[in-house]
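The data below hold one chain only, encoded as structure tokens and taken in the form predicted alone.
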């Protein structure tokens, strides 16, 4: 999937920059000497705070809107990040990295599964020998426990121009394919008038522990470690695999 302009505006207002607690969550896996790649970096929610902490980190994303927002937000803080506009399944970047880090389940947006397989193969190719892939994944246990095939969600954020963006989604859960298909619409409203709207389709896949470990092994990773952590009352599955 590719995030559009209105989605980016909503995301930047809704999602905070990673705070000290989140940085601390990943820090044990990182070293200041590492050159890090964050695929699916978006508008820099994690990338910019890591740059501010002194880490050398590059970003890649397939959304022009997200990357432009990342550049603007970084420059406002005196930073000039290395960013690439590319698909992570097919990217061929000029650098090789000590660490590839994908936080908060972003990897699970890859669909179909063949796209996830291509990405894992490409991550291996972009790592230096002995480099690490860090994947932070989740299983949507709340959605599974409801066993409801359809869910409707609404959320809104206020915009600096005095308006608001309303997000409405319809999610269809397939527990057998381990996938949530979401259709969403963003509407920007100023003075009770819709001034912009944007439609979005998204898939969220999930993987269980041993399934993911087998996938990592299949695509050339070794010394795979698994940690299950609770962070902000949410269950995280942290996989660390070495090339």
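The shown structure was predicted, so the numbers you read here are calculated from the model rather than taken from an experiment. Numbering follows the first chain given and starts at 1.
Only in words, not in the display: the form predicted together with a small molecule, which the text now covers.
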Legend entry - Among 190-198, 212-220, 172-180, 56-64, the region lying within 4.5 Å of the small molecule in the model of the complex by heavy atom distance: 56-64
Inset, instruction - Check whether residue 122 has any heavy atom within 4.5 Å of a heavy atom of the small molecule in the model of the complex, and answer yes or no. - result: no
Inset, instruction - Give a yes or no for residue 11: in the model of the complex, does one of its heavy atoms lie within 4.5 Å of a heavy atom belonging to the small molecule? - result: yes
Legend entry - residue 87, heavy atom within 4.5 angstroms of the small molecule in the model of the complex: yes
Legend entry - Partner contact for residue 103 in the model of the complex: the small molecule, 4.5 angstroms, heavy atom: yes
Inset, instruction - Check each of 40, 36, 204, 48 and return the one that places a heavy atom within 4.5 angstroms of the small molecule in the model of the complex. - result: 40
